[in-house]
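Take a look at this one chain, the form predicted on its own, written out in structure tokens.
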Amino acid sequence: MSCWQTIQDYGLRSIGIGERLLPRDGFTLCEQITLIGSGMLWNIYFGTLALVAGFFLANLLAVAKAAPSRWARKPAEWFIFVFRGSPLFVQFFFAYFLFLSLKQSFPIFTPFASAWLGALVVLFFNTAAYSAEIFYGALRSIPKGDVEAADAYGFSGWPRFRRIIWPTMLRLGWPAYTNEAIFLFHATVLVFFSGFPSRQQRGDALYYANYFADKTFNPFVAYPILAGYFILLTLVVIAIFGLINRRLNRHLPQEARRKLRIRPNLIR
């Protein structure tokens, strides 16, 4: 079988398109690269949707935590504390058994017991909590002169927040938020270890890397391939977030623009 035929058969296998059965023996390098790359589609799915949805929730939580009202501030503080204070790995297992219990009484929760939705919800809440703390710190760091200038120009309420406070908050918090985005994509590999099942062997990249490592008794091929894919994904995230960072700082002089400094979190 040629490498091109292997790509056609297994390139989209993780989403149910192509050859159904996994190769059993005589594993080629092309098969390993193709199937692990196919599994990366799920990692990108988890990371992208959780990041996009979590961004909006994080902004709401950051504003709520900075609000003078106790009724808005305390729920935001506790939400952030719970999801930042507990390990992501434990959150996966807790959510799985919670959704499993709810499914028995309320069939509407059946999709949540699957990885495609249940694990996504956990990642969504987790990244929203961490991102909210980043944006809250940025919100507290906004120079008072900017707010006073907005008041002097007659901005107040929602117009002041939308045109002055929110863009400044994003600009100040974006470098740290970029690191959170990178970590989120790396954290998607934990879905493999969680209780959420993989339907019909349609797992993520780590699922296929682990499959080849077990079958060949050689982890020094599949896992470096997996690491290579995540390095490429990290470079893509850095490039996209770098463009957004330049957009947020476009009004500043060149020497005053905040540059991205990627410092990935080694321990959550």
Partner chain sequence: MKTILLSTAALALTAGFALADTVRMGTEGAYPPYNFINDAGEVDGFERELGDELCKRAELTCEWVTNEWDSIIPNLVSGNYDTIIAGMSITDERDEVIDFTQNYIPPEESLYVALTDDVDIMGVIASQTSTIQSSYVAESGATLLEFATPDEMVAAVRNGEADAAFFQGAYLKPIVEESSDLTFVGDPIALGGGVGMGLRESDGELREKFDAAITSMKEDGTLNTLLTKWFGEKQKTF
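No experiment lies behind these values; they were computed from the predicted model shown. Residue numbers count along the first chain shown, from 1.
Although it is not shown, the form predicted in complex with its partner chain is what the next lines describe.
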* Have a look at 93-101, 155-163, 117-125, 67-75 and name the one stretch with heavy atoms inside 4.5 Å of its partner chain in the model of the complex. => 93-101
* **Of Ala113, Leu170, Ala181, Ala150, the one that lies within 4.5 Å of its partner chain in the model of the complex (heavy atoms)** => Ala113
* Asked: If you check in the model of the complex, is Tyr207 within 4.5 Å of its partner chain, heavy atoms only?
  -> yes
* Contact test in the model of the complex: Arg24 vs its partner chain, heavy atoms, 4.5 Å -> yes
* **Contact test in the model of the complex: Phe56 vs its partner chain, heavy atoms, 4.5 Å** => no
* To do: Answer with yes or no whether Arg20 is in contact with its partner chain in the model of the complex, where contact means some heavy atom within 4.5 Å.
  => yes
* Asked: Mind listing which residues of 221-247 have a heavy atom within 4.5 Å of its partner chain in the model of the complex?
  -> none
